[in-house]
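Presented as structure tokens, the chain that follows is alone, the form predicted alone.
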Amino acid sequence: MIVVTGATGNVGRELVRILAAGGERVTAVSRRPGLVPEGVRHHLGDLADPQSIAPALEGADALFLLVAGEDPQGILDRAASAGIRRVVLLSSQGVGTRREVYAHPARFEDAVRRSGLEWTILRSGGLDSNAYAWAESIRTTRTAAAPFGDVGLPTVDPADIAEVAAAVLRDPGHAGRTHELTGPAPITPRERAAAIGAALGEPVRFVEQTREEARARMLTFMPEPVVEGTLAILGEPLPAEREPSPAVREILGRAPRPFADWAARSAPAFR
């Protein structure tokens, strides 16, 4: 059995679907109720409270783990006690490029490596689904606002991350490896807004925010150090953050999906 945490999120929901469709026994763990495929066991639990997920781990041999809560060791100790042999952690590309800012996922990576379990770490670049932050403004005024409108980054489709995670969970050949996952090419915020407009069949106007405007908005839902690190990546990305990774192609045998594919599938959220 495979336990998937964050099972109702953008990556976890698709991962549960892929695993279930492939005949795997799956336990989906989330903080709130959500729809899961037929035959999938659902468990309400919160990674901030490792004991709350302990019942979901019984009888499983693999765990897909998000960076959430403050006690990765507590989660991993319970996983090992329950008989879990393999853990796949979804982390952030920022651990490799700006570890001092991304200290939280770095702690999870360190705990996974020390756990004694077979482990694989997936370091995700920015997600295509971050564009959901524009959903309300695009629905109501057909506008999208962001800073650094012409700075491109190779954002990645959550469905590609889910497919990679499914492959890695079922293939022990990835044990002890860290994979960086990105999309196929850098794309700017202005280009992402245009792609959503194309998917809708109506133009979306892009409004470029100043750094301070973006900072003020981000501080409403992110800690200040993470805000500063995120703005640095968005505005002055390092070469490693601009460069598309070959990992999706190497693992799945195909190119990662472009942002336009995600926009086409996600268009109903912006109508």
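Nothing here was measured: the structure is a model prediction, and the numbers come from that model. Residue numbers run from 1 along the displayed sequence.
A second form of this protein, the form predicted in complex with a small molecule, is not displayed here; the remarks below concern that form.
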In contact with the small molecule in the predicted bound form (heavy atoms, 4.5 Å), from 203 to 211, 27 to 35, 242 to 250, 55 to 63, is stretch 27 to 35
By the heavy atom within 4.5 Å rule, which residue out of Val40, Ala68, Leu219, Leu231 makes contact with the small molecule in the predicted bound form? Ala68
Of Pro147, Gly126, Pro72, Pro184, the only residue with a heavy atom within 4.5 Å of the small molecule in the predicted bound form is Gly126
Are any of the heavy atoms in Thr120 no more than 4.5 Å from a heavy atom of the small molecule in the predicted bound form? no
Although the small molecule is absent from this view, report whether Leu47 comes within 4.5 Å of it in the predicted bound form, heavy atoms only. yes
Is there a heavy atom of Ser137 lying 4.5 Å or less from a heavy atom of the small molecule in the predicted bound form? no
Decide whether Thr143 counts as a contact residue for the small molecule in the predicted bound form under a heavy atom distance cut-off of 4.5 Å. no
With the partner left out here, if you bring back the small molecule in the predicted bound form, are Val88, Val95 and Thr178 all within 4.5 Å of it by some heavy atom? no
